[in-house]
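Okay, so here's just one chain, in structure tokens, the form predicted on its own.
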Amino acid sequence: MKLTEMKQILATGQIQLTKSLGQNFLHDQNQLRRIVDSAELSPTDQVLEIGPGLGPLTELLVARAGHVLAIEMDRRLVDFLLGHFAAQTNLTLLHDDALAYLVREPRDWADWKLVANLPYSVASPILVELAEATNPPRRLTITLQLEVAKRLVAIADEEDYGVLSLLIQLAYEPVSNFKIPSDCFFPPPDVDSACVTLQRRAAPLLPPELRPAFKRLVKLGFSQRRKMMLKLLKASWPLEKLQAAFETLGLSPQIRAEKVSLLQFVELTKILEHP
């Protein structure tokens, strides 16, 4: 689907795009192909697409994957998609709020891949929800705001490193990313975007029962970025236990959360939660 087709469809259907829903549709065919190539799809793959819009990415997904589940919030776009893909037997289209759906209907996503141009306003919570699922998707290939993309792949001591980096990387390893200019979208957003691919870790870094503590630890540690992490963590753990844990891991009592690596947060969680 080219830009001229998009404009014609919107004009014919008298569809006014809504900025609050993050309706910026990727139309550049080269970028769309790069996204699908990054997903490494096979005819047996099950794919989750969130926010298909007018379906330019969907067209490529149904051609390469075994089955596509697409979730679209805008009723007007759902009506168009139902007609456009009426003959497509390997596509299931849902009219729903994707984040609400993921929260409301947890399922086993272990054999699925997420491939989507995510609405900017809900990209982060959607990714966290999937990463924290009992059985998260095995691969994520997502297009989102460049600023958020940088956070997903950042490591300790980098400017973009923070809570989102750690919550996602606990379950996933970054594989690749590339920038997508704003003029590849219609209408062009005010910011550049990027496509990021993340692969589920071969083995979990923490057992399920320790993940809530990890999340609490990370959020507390970054609650005031300029403060020493040890002081912030005293709100949830005894000072003596914290001091012993920091000493065991070779962490300075003055260290800030932005200097602490993912694996150090993991080990700190294990020590603090050990009876």
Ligand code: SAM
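These numbers come from a predicted model, not from an experiment. When you see a residue number, it is the position in the sequence shown, counting from 1.
FYI, the form predicted together with the ligand isn't displayed, but the following is about it.
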In the model of the complex, the residue from Val122, Ala194, Ala131, Leu102 that sits within 4.5 Å of the ligand by heavy atoms: Val122
If you check in the model of the complex, is Pro52 within 4.5 Å of the ligand, heavy atoms only? yes
Counting only non-hydrogen atoms and a 4.5 angstroms cut-off, does Gly221 reach the ligand in the model of the complex? no
So, in the model of the complex, is Asp160 in contact with the ligand at a 4.5 angstroms heavy atom limit? no
How about Asp97: is it within 4.5 Å of the ligand in the model of the complex, going by heavy atoms? yes
Counting only heavy atoms and a 4.5 Å cutoff, which of 246-254, 233-241, 213-221, 44-52 contacts the ligand in the model of the complex? 44-52
Has each of Glu59, Gln88 and Leu93 got a heavy atom lying within 4.5 angstroms of the ligand in the model of the complex? no
What residues in 66-89 sit within 4.5 Å of the ligand in the model of the complex, counting heavy atoms only? Ile71, Glu72, Met73, Asp74, Leu77
